[in-house]
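Starting off, we have a lone chain in the form predicted alone, written out as structure tokens.
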Amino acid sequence: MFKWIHKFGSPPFVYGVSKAISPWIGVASLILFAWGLYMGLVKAPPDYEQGEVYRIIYVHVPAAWMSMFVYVVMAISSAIFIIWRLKLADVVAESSALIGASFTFLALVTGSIWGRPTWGTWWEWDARLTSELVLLFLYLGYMALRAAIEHPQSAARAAAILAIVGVINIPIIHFSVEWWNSLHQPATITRADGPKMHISMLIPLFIMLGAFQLYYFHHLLVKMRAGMLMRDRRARWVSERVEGGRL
């Protein structure tokens, strides 16, 4: 077991596996995006209350879900780095930050666009919106902190602590609609009595969730490869790959 853990913590091994599987994940993501958008924007029926406006859900909801998912990955990776000094975990956290910030920004923009026709305003200091905005600031703060500290180890440790502390915001985002009087609609999928959406609308949403998930993993692997090469640029395994033309 420990041999396998050590193997998956080895940059040369992870680099090789990443290079082999990332193109397939990227292709699968594109297929799901095309399928999900067609099903959601063309095949799914209009909503009985919001009409065609609700279709932005097929981008907004996956982006919002991924904004939280990626931060949790970043926080867990940071904790592993702090506790076990596993450098590859720090690579995962650092590589996730910009992707997670992009998802968060997309969730805020699409939520604002959706809010205009449904709430009559582009922005409201609603609990869900405000906590999602805080999440964006956490991502930006993480990246800024790493850039501000010159010593790489000190920068990684300080950013890891920030990521771990900031994870408290994730349950606040998730439960904010239930804890406070909020304009944001309550959960329609993760309900104890089952989803409130019709199956014809729900299936495209799940397809888009899968597409966004694969998109993240593809970009994570690509950014991890670049990060490993930068960190280990003087290591023997990098030199061997450069000489063999296997980058």
Partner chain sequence: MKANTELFRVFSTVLRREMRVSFASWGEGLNPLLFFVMVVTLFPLGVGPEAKQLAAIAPGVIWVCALLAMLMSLDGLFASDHRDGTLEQWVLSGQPLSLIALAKVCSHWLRTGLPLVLMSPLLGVLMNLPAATLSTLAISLLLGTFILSLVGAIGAALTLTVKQGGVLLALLVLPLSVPVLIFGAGAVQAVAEQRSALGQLSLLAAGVMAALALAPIGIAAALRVGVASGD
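Treat the numbers as computed from the prediction; the structure is a model and nothing was measured. Numbering follows the first chain given and starts at 1.
There is another form of this protein, the form predicted together with the partner chain, and it is not shown here; the text below is about that form.
Segments offered: 89-97, 105-113, 72-80, 150-158. Contacting the partner chain in the model of the complex at heavy atom distances within 4.5 Å is 150-158.
None of the heavy atoms of Phe33 is located within 4.5 Å of the partner chain in the model of the complex. Using a 4.5 angstroms threshold between heavy atoms, Phe217 stays clear of the partner chain in the model of the complex.
For Trp125, a non-hydrogen atom is located within 4.5 Å of the partner chain in the model of the complex, even though that partner is not displayed.
Contact check for Phe206: no non-hydrogen atom falls within 4.5 Å of the partner chain in the model of the complex. The candidate spot formed by Val134, Leu145 and Leu162 lies fully in contact with the partner chain in the model of the complex, as each residue has a heavy atom within 4.5 Å of it.
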